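Take a look at this single chain in structure tokens; it is the form predicted alone.
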Amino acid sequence: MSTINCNQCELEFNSETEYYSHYITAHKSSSPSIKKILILGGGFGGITVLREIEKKFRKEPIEITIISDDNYFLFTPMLPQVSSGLLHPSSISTPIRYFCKKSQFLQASIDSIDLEQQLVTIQRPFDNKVRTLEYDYLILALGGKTNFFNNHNLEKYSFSMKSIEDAISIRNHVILMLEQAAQTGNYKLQNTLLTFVVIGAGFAGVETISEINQFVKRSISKSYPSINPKNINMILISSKDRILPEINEKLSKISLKFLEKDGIKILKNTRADDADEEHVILNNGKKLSCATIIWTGGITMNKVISELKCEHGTNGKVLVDDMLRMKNRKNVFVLGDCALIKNSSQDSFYPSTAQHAIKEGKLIVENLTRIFNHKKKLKKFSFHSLGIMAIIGNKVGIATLAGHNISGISAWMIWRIYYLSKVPTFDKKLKVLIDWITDGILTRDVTLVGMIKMKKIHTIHINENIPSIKEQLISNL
């Protein structure tokens, strides 16, 4: 069978119908004056850009398309609370289509980015169908993936804390360990089943182990009378000489005392070098017997970002200029986890936090507005952090706000009020609030949900001679 090649993206098609369908959707603009803006990524950065463009370009002749692997925006600061069953997964996930008033959303993975031809090739997850999109302006907000530093055993035997699936998997696994521990009278076996090791003592690691600690303790006291609470072992491994390196040393020491008081063991100046099904092997040669390993040791870039033909920095991040544009590509903006942004005032790089990504997204849309209004001077990115907060126990938090250290229940309240206000929709705010209120009244749910099957089709065969649905309906009248 002869094939037809697309001369713009070199894809092959089996029929003229397939080729022209591809050409119209991927390469033919409705008008040369209509600018195409392509947003890759549905995290804090991508969604901020989308929402700001929707506000500022309501009547502009532009086509906006946002592409994401997931069809929802995930409110990641509350992800550890999903792993402990405190919040329902749907409470912190908002469908991206909710934000699309004049935009198009495509759930797909990014296959490749051609900066020269200004083309992005995407792949649909259901049947792996490939499609190519053109752009006039590209926004890269793809984020990153968990970095295991090429340690394949740790990757194989560890849970990560990056996605909603990760949080659900951890919750299910913790409940499974409780169920198994409740059925054995063997002290050593119960001790191993109830040993939970979190590797990485940054915010993700500290908040995750704090949530799991509360979940396990409350669940045992209410639902598992046959389990001896003394067999619980919560272990946090830090490669540095302290925890929470993102905050000042004084607040770090306060956090350490709170965690240790809550029964969490901290291993400082320690690395996890290897793992198997029931052990973590430390750099000092010791083995920790455990049935649960959670890795929160950092992120690296996806292949599609690290292999871009541009300047890269740490972990494959894209180097950008002061206006958040890819160097030597004035129509490509980069933000969030995949951007390496220089902080000239402190001779360092800005951290990849949600509040920074939001600010970066707003600046990019401001600069797009200036470009469309033919203004030559664009705004430079500059941002001073509003503060840093974390929940580290039952009604215990820590925070640095305007240079002031806050800890205890007041920091816990500030965390809840602030992040609740940042949840993007009213109905999701209400769901989170209800989850929080009911958790203070009711017993934590220990329902164990098993594997969920999803169907995938790798190839869909279409008979072009079959009448359309409309034609079939008409013929039946």
Ligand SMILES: Cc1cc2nc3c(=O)[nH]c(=O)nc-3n(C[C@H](O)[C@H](O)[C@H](O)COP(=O)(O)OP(=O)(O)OC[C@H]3O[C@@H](n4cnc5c(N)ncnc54)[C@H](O)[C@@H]3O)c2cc1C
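Residues carry their position along the shown sequence, with the first being 1. Predicted, not measured: the structure shown is a model, and the values here were computed from it.
Another form exists, predicted in complex with the ligand; not displayed. Remarks below refer to it.
Of A181, L363, I264, L79, which one comes within 4.5 Å of the ligand in the model of the complex, counting heavy atoms only?
When the ligand is considered in the model of the complex, the option within 4.5 Å is L79.
Let me know the one among N153, T369, N233, N302 whose heavy atoms come within 4.5 Å of the ligand in the model of the complex, would you?
Checking each option against the ligand in the model of the complex, the one that comes within 4.5 Å is N302.
Determine which one of 84-92, 187-195, 243-251, 106-114 lies within 4.5 Å of the ligand in the model of the complex, judging by heavy atom distances; exactly one does.
Checking each option against the 4.5 Å cut-off leaves 106-114.
Although the partner isn't part of this model, could you tell me whether W436 comes within 4.5 Å of the ligand in the model of the complex, counting any heavy atom of the residue?
Although the ligand is absent here, W436 would stay clear of it in the model of the complex, with no heavy atoms inside 4.5 Å.
Give a yes or no for G200: in the model of the complex, does one of its heavy atoms lie within 4.5 Å of a heavy atom belonging to the ligand?
Looking in the model of the complex, residue contacts with the ligand do not include G200, since no heavy atom lies within 4.5 Å.
Please tell me whether any heavy atom belonging to I139 falls inside 4.5 Å of a heavy atom of the ligand, as the geometry stands in the model of the complex.
No, I139 is distant from the partner.
Quick one: does A354 come within 4.5 Å of the ligand in the model of the complex, counting heavy atoms only?
It does: once the ligand is placed as it appears in the model of the complex, A354 has a heavy atom within 4.5 Å of it.
Using a 4.5 Å cut-off on heavy atoms, what residues in 87-101 are near the ligand in the model of the complex?
Read in sequence order, no residue approaches the ligand (within 4.5 Å, in the model of the complex).
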